[in-house]
Structures are given as structure tokens and as C-alpha cells.
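Just one chain is shown here, as C-alpha cells, and it is the form predicted on its own.
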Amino acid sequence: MAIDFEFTADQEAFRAAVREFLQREVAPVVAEMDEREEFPAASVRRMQQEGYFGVPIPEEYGGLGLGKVGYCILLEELGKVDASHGTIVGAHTSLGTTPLLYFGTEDQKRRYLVPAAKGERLLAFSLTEPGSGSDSGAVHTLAERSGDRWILTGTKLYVSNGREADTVVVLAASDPTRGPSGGVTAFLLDKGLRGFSVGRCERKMGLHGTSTAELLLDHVEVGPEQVLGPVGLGFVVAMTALDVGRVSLGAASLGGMEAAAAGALAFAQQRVQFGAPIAQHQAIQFKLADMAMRIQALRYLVYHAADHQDRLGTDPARWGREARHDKTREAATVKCLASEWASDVIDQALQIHGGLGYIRGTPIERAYRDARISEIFEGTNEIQRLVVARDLLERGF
């Protein structure tokens, strides 16, 4: 499939507006947020008011209607400024609003998607459990029928936005004998439901502005209107959302790479050793060149994949088999390469900074800590390689 993509004037104008906003409203709070390990409620609220939590959602449902390309522009610019804010937006938009847009009933869209896109409701997504991480089909949280209602019992882990979210998309086993093939269902759970509580919040290496929460479900009762998508097809709901999340994660990684590379370039041109700026030494030039090549390659991959998702539309029933497979392979490829390239670029940028790069509180030190999780969450890179390899074995190159 050819890679051919160009930004429109409106998309470039959106990028410029986002960049200006983030420098004014987000950049000044990042260092203190990271040090205090606090959710940046004030800056998140300002982003919600600007509509940045509903960028890809159609205007009829309260969003900006800028599609996946516009969404990736936002995530790329966020990645240049702060990974925590990007993760908060990603958990809400990629994994929260996407399932609603693709699989929600009209009533669910009006009740949940519209306020979420307008920034009036924060969403989260919950799949991982104590016994299921990469094996995402091994869901042990139970959803048992009680007449026309459901009773959910179990524990969820590592839920981004889990402490602050108003509503969580929860995957539960509705028929444990069938596993992911028809035995998992997605539910919309509102905070405040009896038996639904937040447990511990993890302290992490990076992403200090995000909550990573444990959710406890103790016989939480919900009605049929809380089922998201067809009963038994929750795994399809989850994987379809993750395809969006993996591409937007690639965009955020791209932004992180760009910021690290720009910082390293500026430092190398100013830092003098052996009588000359270190940028004049070939060892440093090779590092900078490798950074630039990976950034350029990833930009094509990210926006080609985002544009492809936009062209597919938001009704999975209309997607052809080949297009669906292409979308999933592209998402896995982008996520895997972006996260690994970002880790390497940021590592080399830190190396160029020398001892200064290792000092707590510098932007490159924070970026180094924040980047590592991208090779793990939204499906480990080992899983992404399995996705690509299995598709290769079925369809070839």
C-alpha cells in the first residue's frame, strides 16, 4: 500500500493553535506536576474547555470533527510538551470515546459520548487484571446475568484515569467457557455505583501526572443499557479501540522524539569540548542523523495509518476484511516501532547531554522515564510482533 499523505491548511492551522495553547497552559505546570506526582486537574480542565478531549469525534456528537489525523496532530504536539497529559487524553479519547463512537447505541452516544467529547465527562478503559496482562482474553472479572440485569465482580489493574474518571469501559467475562471468542462483554460503569470503588494508585517510574488505579467491583449491578456493543463481543470492542490507541501512541512518541532531538541538537551546538562545539564531532553528528531519519520515517507511518482509519469511517460493519487486517497490522507496526525508536532517540539525546541529562528534573531526564512505558502498555511490543507475524503468515507481505 502506497504511503502518500499531505496536511491540509486547516490541519496546519489546528497544529499551530494547539502548539500555542500547550506552551501557554501546559508547559509551565509540567515540572511541578512531575515532582509532586499530582494529576494536573487545572490544565486538564482548560484542555477540556478547548475541546481537545473530543478532537476526532464528529461535531454531531459534541466533538471537533477533525478525525484521527487531527487527533494525532494533538497527540504529537502533546508529546513534545508532556507525556502525562498525552496519556490522560489518550486513555479518555482512544480507549474511552472510540468504543462509544464505533459500538454505542444512539442513547449511549447521547448520554456518554457527547459530554465526553465536550469535556464534561472523563472516561477510562479497563481490561488488565491481576491474572491477565498480555493475555488480554483471559478475563476473570465476571459478569453474571440476573434477569435482564448484570452483576459484575472482580478486580482491574493499571487503569489510566481510573481515579478521576466519571465512567469506565470495563471488560468482563460474560461466558467464561468461551474466552475471548464470544465470552467477553464490554460495560459502561459510572463512578458512584454501589460496589464500585477505587483501590490503590500505583507509584510509577514516569507519567507522574497520571493516575494508574486499581478498580474493585463487588457485585456491581447494571442494566442492559450499560452493555456496550453486542453481548459476547467485548474483545472485538477492545481490540478495535486499541487500534486507534496504538496509532495515537505513535503520534505521541513522535512528538517526544522531536522534542528530545531538538533539545539535543541545541545542546550539541552550544556545548564546547576539545575546543569546539560537540556538534562538530562525527560521533555526535551520527547520533543526530539517526534521530532525524527515524523521526521522518515515523511521521509517514503515523499519519498514513491515521488517514487510513479516517477513510475507513466509524462503522466497523462497513469495513472489508482486507481493510480491517491492514488497519490492525499498521497500528501494531506504528506502536512497536514508535515506542522503541522513541526510547532509543531519547536515550541518545540524554547521552549527548552527558551528566546534565542524568540530573533529576531536567526535561530529558523526565522524557527518559516517561517513554519507557510505551513499549508495555496498549499491548506489549512482543504482542505487536505476534499480531504482525500472524497476519504475515495468513496474508503474506
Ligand SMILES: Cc1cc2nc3c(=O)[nH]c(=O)nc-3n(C[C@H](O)[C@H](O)[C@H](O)COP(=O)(O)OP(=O)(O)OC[C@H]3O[C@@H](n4cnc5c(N)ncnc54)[C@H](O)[C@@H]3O)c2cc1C
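Since the structure is predicted, the reported quantities are computational estimates derived from the model, not experimental observations. Just count from 1 along the sequence shown to find any residue number.
Form predicted in complex with the named molecule: not shown, discussed below.
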{"item": "The named molecule in the model of the complex reached by all of Thr105, Arg111 and Asp190, non-hydrogen atom within 4.5 Å", "value": "no"}
{"item": "The named molecule contact in the model of the complex: Ala173, any heavy atom under 4.5 Å", "value": "no"}
{"item": "Non-hydrogen atom contact Tyr158 with the named molecule in the model of the complex at 4.5 angstroms", "value": "yes"}
{"item": "Heavy atom of Phe377 within 4.5 Å of the named molecule in the model of the complex", "value": "yes"}
{"item": "Exercise: Gly133 in contact with the named molecule in the model of the complex, heavy atom 4.5 Å", "value": "yes"}
{"item": "Partner-contacting position among Lys204, Arg294, Arg121, Arg163 - heavy atom within 4.5 Å of the named molecule in the model of the complex", "value": "Lys204"}
{"item": "Selected contact from Met257, Leu127, Ala305, Val244, since only one has a non-hydrogen atom within 4.5 angstroms of the named molecule in the model of the complex", "value": "Leu127"}
{"item": "Residues of stretch 379-397 in contact with the named molecule in the model of the complex (4.5 Å, non-hydrogen atom)", "value": "Gly379, Thr380, Glu382, Ile383, Leu386"}
